[in-house]
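In structure tokens, one chain follows: the form predicted alone.
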């Protein structure tokens, strides 16, 4: 199959969040399965020079945006079996930031969507499927259906639109978007492009794409409810027969404790002794008390309400009455920067917070901590809990979205489970579960070792998820009949086999 991914970011070239990890990992896996896979993204100034030097110029043309005619260049490089295209325009993408504050974001990413469609005949690539991701690519399925589908070159192209986080929608004024993209008045109704009096790029993708996916089965169900649906739940329920949840995977080469060069010591499921050295090294690096018996709880991610940090705020004094250390890495809201700065000063040697994006330190936290806390309000998929398990760090999560699909709470009667979970969005429920995890860490070493080994032995690769995407692509172009997503399916959970019921933990 011929597949084109469109994305506003993609590793290894540019990254601000999980979207980049997903596209950058999935595309090479599909290419290895024999498909002609290409990815197109903006050519930002922030893309490292070592990649820019390898690019070759393919073509250039002008893109009409209202009264403007803007230059659009297409640069290309090949890597990992994938052809990567970059949309070049210094006015839109030669800035000091990736995403701005909304001033002309509608024009920047409107240009990107139209530039991608205009480029296809000129780069001589006619994809079977265009796989668009998040609101920055959301207008592409709409433009294709409204303005391009009558042309023979575009008539057979199908589109898939993936929601990575429904909260970010690309909401702008109708008049501004209308003027830039030439979309007539008849399109601005609530069953098409209009959304509560505004233009909404994400809604455009949801209305006009042939299939919609999101990044976990549970999140696909949750966003059809008013609580999680971000005012689009009605539309998502209307399209429930074209809405599929496919769980993300990990780059298992990058996240591998047996080969990770950023760690003080490497280790594997068969021999986890190196994790002790990683813990000591982390305590030394962050100025924590050197105490091999004190459990370290880690948190890595955006500092925002979505991540459940208000729960941590509420119980942090109670938590620090326990014999525990806390490590936090991330950037975000000043409220939480202030919280963890205060905690680091108040509990010297027991709390360490770093407000930066540091991939190497993130790896060392995953490896050096004993537990990983993710009490999210909502979590479309979440990669951190899977990375933590791969590094033998036991997750403590709230049962929502992809966290519910990947972490099963330990059951002391059957021995099933790979972590600890709580359901209600409640600070003391979370504290109780943390205390339960610390009990097993201190007093039931065999269970703790089992949970570590089970997490490290899990299947977190993209292979199964890539096969699901191929199945959906084939269904879109009519090669196979697709299962209705509203029908139950035995969805896989990427964890090791649990012991059979009735066996003692650790029994063979």
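Just so you know, these numbers come straight off a predicted model, no measurement behind them. Positions refer to the first chain, counted from 1.
Omitted from view is the form predicted together with a small molecule, to which the following refers.
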Exercise for the section: Spell out, yes or no, whether the shortest heavy atom distance between residue 18 and the small molecule in the predicted bound form is within 4.5 Å. Expected result: yes
Practice task
Using the partner position in the predicted bound form, report whether residue 301 sits within 4.5 Å of the small molecule, counting heavy atoms only.
Solution key: yes
Practice task
Answer yes if any heavy atom of residue 330 is within 4.5 Å of a heavy atom of the small molecule in the predicted bound form; otherwise answer no.
Solution key: yes
Exercise for the section: Answer yes if any heavy atom of residue 265 is within 4.5 Å of a heavy atom of the small molecule in the predicted bound form; otherwise answer no. Expected result: no
Exercise for the section: Check each of 359, 424, 338, 345 and return the one that places a heavy atom within 4.5 angstroms of the small molecule in the predicted bound form. Expected result: 359
Exercise for the section: Sort through 408, 430, 387, 98 and report the residue having a heavy atom within 4.5 Å of the small molecule in the predicted bound form. Expected result: 387
Practice task
Spot the stretch among 222 to 230, 302 to 310, 148 to 156, 78 to 86 with residues whose non-hydrogen atoms come within 4.5 Å of the small molecule in the predicted bound form.
Solution key: 302 to 310
